[in-house]
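Starting off, we have a lone chain in the form predicted alone, written out as structure tokens.
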Amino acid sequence: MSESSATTVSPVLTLENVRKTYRGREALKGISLELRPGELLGFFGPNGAGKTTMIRCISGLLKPDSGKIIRHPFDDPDDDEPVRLGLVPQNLAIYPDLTVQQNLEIFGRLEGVTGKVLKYRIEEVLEWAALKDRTRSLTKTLSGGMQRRLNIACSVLHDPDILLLDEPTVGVDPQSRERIYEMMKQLTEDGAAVLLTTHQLEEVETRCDRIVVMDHGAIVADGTLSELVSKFIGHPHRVNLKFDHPCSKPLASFIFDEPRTSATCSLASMKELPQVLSVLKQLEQAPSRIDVRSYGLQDVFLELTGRSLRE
């Protein structure tokens, strides 16, 4: 979903000041957010941030202490048909001693899908999850990635309007991870709203339309990666020069540290890089090292919390 279209589409899910104390700890501290059709929203944060508790509250597995969770199409308030919800928990929720086909049949019926419709949907999701050649295989004989894909397939047989995924790629090989994100992309292209939780930096940076950063039960940031970098860091790129000896000559656009052995320049665009580096021609002493990097979600998290995500 593009940033411009996101502002014009009515949300299919709204959380208003949701609070939950779980196992003696305030796991959710007034969570508020909106999720729109066709959006892949990545909920990012360290373990213990409250991501799984939020998923359980949205799905109805936990009851919030206060606040509202609204699941209905805002663009048609007179429509009484409930929004269809799909849930993919962090731990696999499939039957290991049944075949792929049998798992799909059982989960389809549990969601009220039967007869010819169920048969058609099973054929669709088998193709979608790249499991068509494994229909007769016992689930326990599948690879970890295949089991994850089957778990997701079982959750979408009823064509959910909202799909919740809790750490869907944990322990998955790169090929299966790529397939899982292709599956989610197809869902959003078909109009579903997808919310996933993760603590994988690369996944949320490159795959999600919007990122919500969560820490200690609270949302600390919400936006696209470029919006978050712009808001909390400033310019998205940086050039750093390292010198073996103090550099006495000033360099336009660069800020030196106190020993004058390191100089940094921020860039609004990589197009500025050639012009910025052209000032090095003025130096008698060339830098011993030049680092060019772009800021990412780890930098945003560090700026917001003062600590590394892995701590």
Partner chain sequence: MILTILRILYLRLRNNPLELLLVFVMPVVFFSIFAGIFSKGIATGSDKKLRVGWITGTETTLGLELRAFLESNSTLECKSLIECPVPSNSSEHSSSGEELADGIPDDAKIDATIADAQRSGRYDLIIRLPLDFPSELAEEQGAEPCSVQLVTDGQNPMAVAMVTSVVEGFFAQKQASTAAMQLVNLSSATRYASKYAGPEIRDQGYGGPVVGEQTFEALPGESESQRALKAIQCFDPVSDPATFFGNEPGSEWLITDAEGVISVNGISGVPREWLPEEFLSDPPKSDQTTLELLEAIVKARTAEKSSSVTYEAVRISIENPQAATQENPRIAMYAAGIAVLFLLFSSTGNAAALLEESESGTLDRMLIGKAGLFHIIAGKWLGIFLLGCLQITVMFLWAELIFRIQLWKHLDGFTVMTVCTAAATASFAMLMATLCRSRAQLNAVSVVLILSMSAVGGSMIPRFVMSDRMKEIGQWTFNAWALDGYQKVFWYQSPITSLRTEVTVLLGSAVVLGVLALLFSRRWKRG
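Everything quoted here is computed from the prediction, not taken from an experiment. Numbering follows the first chain given and starts at 1.
Below, we turn to the form predicted together with its partner chain, even though it does not appear here.
- Shown without its partner, this chain lists 131, 154, 208, 214 as candidates; in the predicted bound form, only 154 has a non-hydrogen atom within 4.5 angstroms of its partner chain.
- Of the listed positions (229, 85, 125, 187), a single one reaches within 4.5 angstroms of its partner chain by any non-hydrogen atom in the predicted bound form, namely 85.
- Just one listed stretch, out of 196 to 204, 87 to 95, 115 to 123, 133 to 141, contacts its partner chain in the predicted bound form at the 4.5 Å heavy atom level, and that stretch is 87 to 95.
- With a 4.5 Å cutoff on heavy atoms, residue 105 does not count as touching its partner chain in the predicted bound form; it lies far away.
- Looking at residue 59, you'd find a heavy atom of it within 4.5 angstroms of its partner chain in the predicted bound form.
- Taking the partner from the other structure, its partner chain in the predicted bound form has a heavy atom within 4.5 Å of a heavy atom of residue 111.
- The partner is not shown here, and in the predicted bound form the stretch 221 to 242 never reaches within 4.5 angstroms of its partner chain through any heavy atom.
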